[in-house]
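The form predicted alone is given below as one chain in structure tokens.
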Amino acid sequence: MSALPKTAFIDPTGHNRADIEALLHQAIALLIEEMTQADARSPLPEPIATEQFEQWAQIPEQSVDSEVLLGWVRSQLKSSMNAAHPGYMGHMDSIPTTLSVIGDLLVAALNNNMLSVEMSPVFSRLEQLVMQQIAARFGLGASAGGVMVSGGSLANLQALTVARNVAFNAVDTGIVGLKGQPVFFVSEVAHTSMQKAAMMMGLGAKSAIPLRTNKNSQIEIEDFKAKLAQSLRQGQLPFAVVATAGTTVTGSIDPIEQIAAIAHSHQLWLHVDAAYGGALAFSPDHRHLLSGISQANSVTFNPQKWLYVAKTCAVVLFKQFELLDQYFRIRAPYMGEDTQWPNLGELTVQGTRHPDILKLWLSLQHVGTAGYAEIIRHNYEITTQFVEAVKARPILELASEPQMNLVCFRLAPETVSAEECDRLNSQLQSYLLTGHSAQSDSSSADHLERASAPVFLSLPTYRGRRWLKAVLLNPYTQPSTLEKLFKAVDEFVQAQGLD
């Protein structure tokens, strides 16, 4: 195989060990160089010319030298979002735990398939045991368990599919011939994966009935009652309701206990999308915010967010794990069966599955529950400082009272139109990141670059207007980071003549 480079594979006999070690040392050195200098780079990527992308996209006839490839990768890393930066606050992307990075490297080399116990005997067993432990943290009971999936959208899809199958015994024959339209209820600010799930289940996106929210983006119970009654009068077939623990824009938590009471009285499946907020189960100081989640039939939880596990790492938990066998499992006759452990690929949307369990397990073992509780406590302390800074400035307003470490706020001068207000907030986002805005002069920009580190806030549309969102997730974000941020806000306000 003369066309192959010596390091194309790791020779199982060890004949190319020295070459492999040299290549891996180069790659690890690159990783350490980039990650330990993340604070010195902008949270946002460096631009790349279109011509460079076109060069990278070519599939070569002959092997490209590894030195060249690593040089290209270095450019790609510098031109990627820098989530490790303490000023990266725009999204729910986190700096990963060291052991989750190592875990991904190790399982990539093993290349086991989590479809079956036969193909991945250690990790198939470990996944089920860890899922039981996590389910216990949510109080789901002794019969609970779960599976790992590639993201919260798949977790929500699987939970709602099981709910539909249980309600209408739809595993074999689907929902054709029902006397009414199956529907379920979600917050009007719930994740868009709910509408996608409704579409993919053959119900249509509009079968996810939106429920009105209050000023803090929480489901209004009276609207839930009214929409449920209306649905029944119209001959629809309600089968589930979704509560959110950590909305995407404001981090709000629905009143789960009250929703659970209504769900149970009407035999509705209760799913809780705790993709973000589920981490509060690891915080003795804040787990009370998830009150009522123990009554859920299913829960989505993404350790890739507030537990800092490298992407992807998401789970869907079920109060009665055995329901997956009856209402979701499609057996793969080409796979061997274990008398004690099920083939998890038969119980999930995916067949081929990556062994994400190793990086989750390693992170839990290495950080420990005390470590996670400490990080969450720090995040809340930083959030309190952030909220106090917003409230201390009359020109700023909060979208809602934060329940977690998300703060959604904006400039709201009384003397400008709504459209002008949107434009100002867009300019402020740019100013915080670069020190430049459409109406800032060079001297104010230079001063900002000396006075503060760059900060990336996202600019979501919420209730028809543009807001700035900060996700205070990075454990290296310190009070000084926020002091510099609000110093820059004050400079921008003064430069715009808004003070």
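Position 1 is the first residue in the sequence shown; the rest follow in order. This is a predicted model, so every value here is computed, not measured.
Here the subject shifts to the form predicted together with another copy of the chain, a form of this protein not shown in this document.
For the chain shown here without its partner, which stretch in 255-263, 218-226, 204-212, 403-411 has non-hydrogen atoms within 4.5 angstroms of another copy of the chain in the predicted complex?
That would be 204-212.
Taking another copy of the chain as it sits in the predicted complex, is Pro479 in contact with it (heavy atom to heavy atom, 4.5 Å or less)?
Outside the cut-off, so no.
In the predicted complex, is there a heavy atom of another copy of the chain that lies within 4.5 Å of any heavy atom of Arg423, even though the partner is absent here?
So Arg423 does not count as contacting another copy of the chain.
4.5 angstroms heavy atom contact with another copy of the chain in the predicted complex for Asp172:
Result yes; Asp172 sits at the interface with another copy of the chain in the predicted complex.
Taking heavy atoms and a 4.5 Å cut-off, does Thr352 contact another copy of the chain in the predicted complex?
So Thr352 counts as contacting another copy of the chain.
Residues Thr36, Met81 and Leu157 all lining another copy of the chain in the predicted complex, heavy atom within 4.5 Å:
Verified in the predicted complex; spot residues all in contact, yes.
Scan Val166, Leu396, Ile134, Ala389 and let me know which has any heavy atom within 4.5 Å of another copy of the chain in the predicted complex.
The option sitting close enough to the partner is Ile134.
Find the only residue in Phe318, Phe123, Tyr276, Phe184 having a heavy atom within 4.5 Å of another copy of the chain in the predicted complex.
Of the candidates Phe318, Phe123, Tyr276, Phe184, Phe123 is the one lying within 4.5 Å of another copy of the chain in the predicted complex.
Give, in sequence order, every residue of 221-249 that has a heavy atom within 4.5 Å of another copy of the chain in the predicted complex, or say none if there are no such residues.
Thr248, Val249 sit within 4.5 Å of the partner.
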